[in-house]
Structures are given as structure tokens and as C-alpha cells.
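This document opens with one chain alone, in C-alpha cells, the form predicted on its own.
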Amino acid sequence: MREQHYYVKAGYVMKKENQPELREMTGAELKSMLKSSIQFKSLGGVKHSGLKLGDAELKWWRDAKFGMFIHWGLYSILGRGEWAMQNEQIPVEEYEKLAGEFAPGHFDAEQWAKLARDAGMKYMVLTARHHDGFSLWDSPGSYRGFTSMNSAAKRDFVDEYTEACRGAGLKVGLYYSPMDWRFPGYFKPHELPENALLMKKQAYDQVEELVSRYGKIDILWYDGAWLAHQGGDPDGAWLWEPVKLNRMVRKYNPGTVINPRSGWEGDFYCDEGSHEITGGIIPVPWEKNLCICSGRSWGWIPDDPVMLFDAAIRMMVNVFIRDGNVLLNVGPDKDGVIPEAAAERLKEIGEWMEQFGESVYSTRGGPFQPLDHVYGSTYAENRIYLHILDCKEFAKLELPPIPQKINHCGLLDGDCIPFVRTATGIKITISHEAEKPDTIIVLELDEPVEFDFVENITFTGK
């Protein structure tokens, strides 16, 4: 795509011609430019343009908008979060014994996939192996054979999961952590280089298994490329050689969408956690990763409270209007069961997506810049969807002008709404008597929306 340049004026983005080439931006510049609350992980990863996917290859992911993250593994037996081994300093030998108890009696990947599909999700990402080193598949490359096939379960859960995803029409994503707490070389890579290299060999062997044995892998979601619990993922690139690693991935799966957490810059950026999203439209592909529960842990904790429905919808909408995807995490228990309260909330979200998904799927954020806590917009072809979070405040506003003629203005799920075009913008008359988490107004135009993004900038970690 031809390089474009933009600036913000009067609440919407306008094209600015004949500007010098874009440069790398620091994370601080991003926050300053967009006045954004985003906290991107792994800024400053190794650059290698030959690895990045193009717009056409990334389109399905950007159109999908919504996915399910699943943190599940040996730590689910303990119910104290996926970091229990490290946080509680459980000895390796003691922790590995848990494999003898890992026999999830109610694991059903098809039920997971059905719940994701019913929630309106288009892709899933499963923790194939977390930092504790326990692998959910039959992995010859696993150090000391620490796998589900060698556990009490004697099952390849990655195989069952990938088949279930495809059966439900969902894109397949796998999470993989190259680091492993069982290796002293992780904690002291310079002092124990041979052990660190043994951990690296395990990572290369296992990534190759995942991308070569289970059919097409649509998303590879790394986590944990840092070393010794210091710095960020790019700081461990000297050991992991992420360009080499991901060249291998591309050899088997050329179109896999890869996140930035291996130390390579990746195909998209990640904002992690339950903090709210504010600020302007993000001019790069990005994804918000958060838990449907309290966020104390990604893995299962008993009786962890679930997000309120209104809060969940508002969080998601605040991402969509800023042109991002949402990867919403659930933590199944030791038996493989997603907690009932979380499942019920997902079903409610699915009902909302069924009714209002037109304003989300296959849209892009814009053309109006969001006004925090009040409104934002998405668009597709000749339709603009106004997502109004505070109708009372919105009623006081005038939208910036647009060049197209407005043929229709109305609630997405209801009647026409009066509007007036003035010399300075668009005034919409809206009632705020019955507040919803997101009131959606659609503007039908006589011509398609003309709105592009700067997508070839990169952010450093400075």
C-alpha cells in the first residue's frame, strides 16, 4: 500500500500530502501523539521486513476483531494462577509430580470452541506451553518429556483443540513461551550458557512441532522471550535469534500472524491487562489482551469474579473504535471446565455481538477520532457506525464535517434519528433516557468513507 501521512484536526483524521518519510517513534511519542493509555509490550523488537505480513495477508485477522484466549495447564490443578511455580518457588521435581494428577475428566475442546463461536469470537489462542515448561501435546522436543502425553491424561490436547477450532469455523492460534523455569540457564544465561542453549534448542524443536504437525496455524502468540525476569522480550533476542526462529515458522506456515513477543517486532502490537483504553485511533495493527475475570491471574482461580456485562462491552467497544482487536481470556479449571459465570457472560456478549456485530466485524476504527468516555466510530464502505457511550454528553456535541452526503441516520437496531448538517459539522438529536453500554447510530453515505492509516511506522521501546 502506498505510504500515507495524516494529522488530527477537528476530531477526525485528514490526509497530509508530500511529507518526509516516516520514522521510528518512541513509545513516549505514541502516548504524546494520541494521548493514549495503551501500554504496548515488546516495543523495539528486531526489525526484519521480509518476515512481516502485508495488508492482504493480515486482513482476515483485522476483520475478525474478537478472539478467545485460553490459559490452561498443569497450574490449573493448583488454582493459584499460571505463575504459581515461580511465585511460590515450588521445586522443579515437586512441580513435575503434578503431571501424575493431570487428568481433566471433563475436557471437551469442542465445547470450548462452541462457546467461543457463540460469543461471537472468530479465533482462539491456547497456551500450548507456559513458562512452567509443561506441554499440552505429544512433544518429542520437550525437556525430560514434560508433556500431557506423559501425564495421567495421556492425551494430545493441542491436537484435539486444533481440530475443534476448525470444526467450529474458527481460526487456530497457539501460545508458546520459549522460556522455561526448569532451566537454571534461564535465570543465569551468561553464567550457564550451555544450559541456556539447551532451553533454546527445546524452544526451536517445539515451535517446529507446533507449526508442522497440526495443519495450518493461523496465529502464533509468543510470550516470555525475556531472560532472568529482567527487561522485555527484545532484551533476550541475542539468545533466541527471533528472526531465525520465525523464518522457520514461515517455512511451514507462510501466512501465520505472529505477535511481537519473541523479540522480533511481529505483525501486530499487544496491550495487556484490564486497564481502560483511552486516546486516539491507533495507527498500527494491535490487540487488547485481557481477562474476563478480575485479572489477578490468567489461569484459573476459584471464585474469581467476572466482569460486569456493561463493563465488558464498553471495554471491547473502546478497543474497536481505536481500530484494535480484543483477545478475551478465560481460565478453565483442572478438569477443563470454563467456570459457569464466565461462560454465561460470554453468552451474553455473544447475544450482543449477534445483534450489533455489523458495527464491529470487517470494520475499521474511524473516521471520527474517539472522545474518551463519550463516543467513537467504526466504518465499512459507505456506513459509519457511531458508538455512543454517554448519550447525555453526546447530545451536546457536534460531529466534525464529512465530505459525503448522508442518506440515512438511525439507530442500528431501531428508528431514524434527526440530524442537521451545519457549516461546521453534523448535529444529531439523540435521546438519553434509556442508557445502554453502547448506543449505536449508523450513518449511510452516498459514497464510501475515504480513510486510511499509517501502518508502516514502528515504535521503539525508549
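The structure presented is a predicted model; accordingly, all values stated were derived computationally and were not measured. Numbering starts at 1 and follows the sequence shown.
What comes next is about the form predicted in complex with alpha-D-glucopyranose (GLC), which is not displayed.
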| item | value |
| --- | --- |
| Contact stretch among 247-255, 220-228, 388-396, 357-365 - heavy atom within 4.5 Å of alpha-D-glucopyranose (GLC) in the predicted bound form | 220-228 |
| 4.5 Å heavy atom contact, residue 69 and alpha-D-glucopyranose (GLC) in the predicted bound form | yes |
| 4.5 Å heavy atom contact, residue 102 and alpha-D-glucopyranose (GLC) in the predicted bound form | no |
| alpha-D-glucopyranose (GLC) contact at residue 298 in the predicted bound form, heavy atom, 4.5 Å | yes |
| Residue 83, heavy atom within 4.5 angstroms of alpha-D-glucopyranose (GLC) in the predicted bound form | yes |
| All of 130, 175 and 272 with a heavy atom within 4.5 Å of alpha-D-glucopyranose (GLC) in the predicted bound form | yes |
| Proximity to alpha-D-glucopyranose (GLC) in the predicted bound form, single hit among 142, 162, 289, 318 (heavy atom within 4.5 Å) | 289 |
